[in-house]
Every structure is written in C-alpha cells, then in structure tokens.
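Just one chain is shown here, as structure tokens, and it is the form predicted alone.
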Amino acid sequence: MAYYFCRFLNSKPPHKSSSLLRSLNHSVRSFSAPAMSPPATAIVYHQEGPPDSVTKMVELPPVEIKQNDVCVKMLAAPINPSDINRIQGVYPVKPQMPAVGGFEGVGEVHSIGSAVKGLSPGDLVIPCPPSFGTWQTYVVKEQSVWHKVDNRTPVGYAATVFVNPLTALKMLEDFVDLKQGDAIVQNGATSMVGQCIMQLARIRGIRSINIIRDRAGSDAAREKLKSLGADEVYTESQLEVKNVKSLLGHIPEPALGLNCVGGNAASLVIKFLRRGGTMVTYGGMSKKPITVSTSSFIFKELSLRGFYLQNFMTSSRAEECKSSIDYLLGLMREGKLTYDMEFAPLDDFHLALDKSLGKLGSQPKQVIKF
C-alpha cells in the first residue's frame, strides 16, 4: 500500500484533490518506520554490590526517538562518589535495575523528535537536573531533561559542573547571608567541592580557612590550595591546640563551616565557628559521627544543618538551578573556577573505576570520554 501511495503522489493530481493529498501524505507517514537512535555502548549493572564486580560493558539496541525526545551523543561523564554509592546500594535514591551507571555528563545533540524546538543537532547539552544513565554513548530522553550550554565550554567542566561545583555554590548561598569580608572554614579542602568552595569564596571577597589531612605531600597540597585562593590551610595535626582561634590572625571568626568528613575533622570546624555560626554537613568520608559539646550548643548557639543536592533539584527551583549552572560555567570559561580531572576512554572504564575507588592511591577526578 505504501508503494501505491508513493506512485499516486508522484502523478499529477486533479486541482481539487489537495485535501485528499494531505490525507494520503499523513497515511504515508504513518507507515514509515519510527526514528531510532544508534545502538549504544553502556556500563550496566544488574544488581547492587562492589562496583568493580557488578558493572559490565554491554551493547544496547537502538531506542525509539519519540516526538518530544532528544537523542544525545555523550561526550564525557564523571565517576562521582555518589555514582559508586548507588551501585553499592547505599545511596538513598536508587535507579531501577538493570541500570546504566552515571548521573551527570555532557553530550552533543545527535537528532531530535518532530515536536522538539530550541535544540538542534550539534548543540552542547547537559542533563539538568542530572538523570540516571549517563555512562553510555547515546542517551534518549525527553527535551525537558536537557539544558543547552555554551558550545565554548570545555567538555570536562560541562560534564562535571553539577554534582560538585553546584554543591559548593548552594552551600555558600543557602545557609548564611555571607558578606564581603566574612569568613568560612571547611574540612576536606582538597576535594573537588572544597576547591570550588575556596575559589567561589575568593570571588565574593570571603576569607577561607581550609583543613586537610596529614599525609605525604601535604606541603604541596597547601601550596596548590593557596594558589586557588585559600587564605589559610592547616593539617589536622596543626590544629591540635587549645585555642585554634589564635591562628586566625586578621581573619574574622567564621560564620559558616562546611563538613564532608565527620569525626575529629568536624570537631575542628566547630572549634573555629563564631557565636551563632552554622556548620553544614554534606558528606561523611571518615564514616565517623559528628560530636558536639553541650557548651557549643548552649553558649555559642551553634546550628548544625545538612545539605543534599537532590533537595535543590525540584521543579519549583528549575530555573534557579539552570541559572546557577550557567553562572558556574561562565566562571569556568573565564578561568576563574578550575579543578583537576583525568580523562579515560570508555574502554578503560574499569581502570578509571579502580582509581575512583582509591585502589591506586590519590587520583584526580576520573571522567569517562566517549
């Protein structure tokens, strides 16, 4: 029948048959095959468990591209601690099994559905908010998932802007009304979030006190953080003094403390805080609890808060979220916000995973390049 329709449409119709032609054109389209994505190579896991054991590289079949869908050729996606935690089954938000790994990344629009407007093949896009399944070569999701970014943005920064830099920005903005000349204190300062915090603070004229672990290479780490804008950098052992505030010099007592370690490192943050100060916890790398003295609550009137980025990614704050992302990407393009990362080809995924799991010592952020 499709052949008959095509033969008919190639002949010269009578003058009054335009409505019939439109009907026949619709019929021809209805017989055409749906648009499909290319097949994808993906990192998949069928069950929760040790990431190096349960993840496998597989080939996925093409996916139908519906009218509101966008097919994106992924360019890069990081391996974040939260990605590892999801695979391990210890993260509160879990994808449906079997699942493709990854939660953020950047890609190039490959093709679009018939109803998509505002995006074209070749546009650089990121999932905003992040979306499960970025560790694959092609991703098909509705247009509402994708946020177009400036094509001049370096791929590595676009791939990693959400989970860590946005966490740093929102913690600086959402808990304490910081003014130029104020101070903050943080542990885990060598982490990507920590590096972003000190740089964003410096841009805003906010002083930063940064706590790092005692380990080989701590002197080099201190100099690197200073070059990024850290005002003071101390190892934990340097802060084993009765009065840590004697180390402040001309820096005011911090109004905000940021904790991603827990245990003694969190106690050190609390020691620095001024009366009425707030400590925000966004991680617990030491797997040790936070201990606060009764006097800190009663006499210093401290507040302890928690931060979870997922709570910021609500529909009511969607535009604010995109605006924040664009602001951060602008700083990255200007060279005002930087951090280390290492690209790894998809074929080397399990080596990059071993580095992310700490099997090969301290390593920069691992970013899969497709």
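Given the structure is predicted, the values throughout are model-derived calculations rather than measurements. All residue numbers are counted from 1 along the displayed sequence.
The form predicted together with another copy of the chain exists for this protein as well; it is not shown, and the discussion that follows is about that form.
*Asks:* Could you work out which of 179, 275, 215, 152 is the residue within 4.5 angstroms of another copy of the chain in the model of the complex, going by heavy atoms?
*Replies:* Contact check passes for 275.
*Asks:* Using a 4.5 Å cut on heavy atoms, which of 50, 335, 345, 306 is close to another copy of the chain in the model of the complex?
*Replies:* None of the others qualify; the residue that does is 306.
*Asks:* At 4.5 Å between heavy atoms, is residue 293 in contact with another copy of the chain in the model of the complex?
*Replies:* It does: once another copy of the chain is placed as it appears in the model of the complex, residue 293 has a heavy atom within 4.5 Å of it.
*Asks:* Using 4.5 Å between non-hydrogen atoms, is residue 320 touching another copy of the chain in the model of the complex?
*Replies:* No - in the model of the complex, heavy atoms of residue 320 and another copy of the chain never come within 4.5 Å of each other.
*Asks:* Is residue 281 close enough to another copy of the chain in the model of the complex to count, meaning some heavy atom within 4.5 Å?
*Replies:* Yes, residue 281 is a contact residue.
*Asks:* Give a yes or no for residue 245: in the model of the complex, does one of its heavy atoms lie within 4.5 Å of a heavy atom belonging to another copy of the chain?
*Replies:* Output for residue 245 is no: heavy atoms all beyond 4.5 Å of another copy of the chain.
*Asks:* Only one of these stretches, 246 to 254, 293 to 301, 130 to 138, 206 to 214, has heavy atoms within 4.5 Å of another copy of the chain in the model of the complex; which one is it?
*Replies:* That would be stretch 293 to 301.
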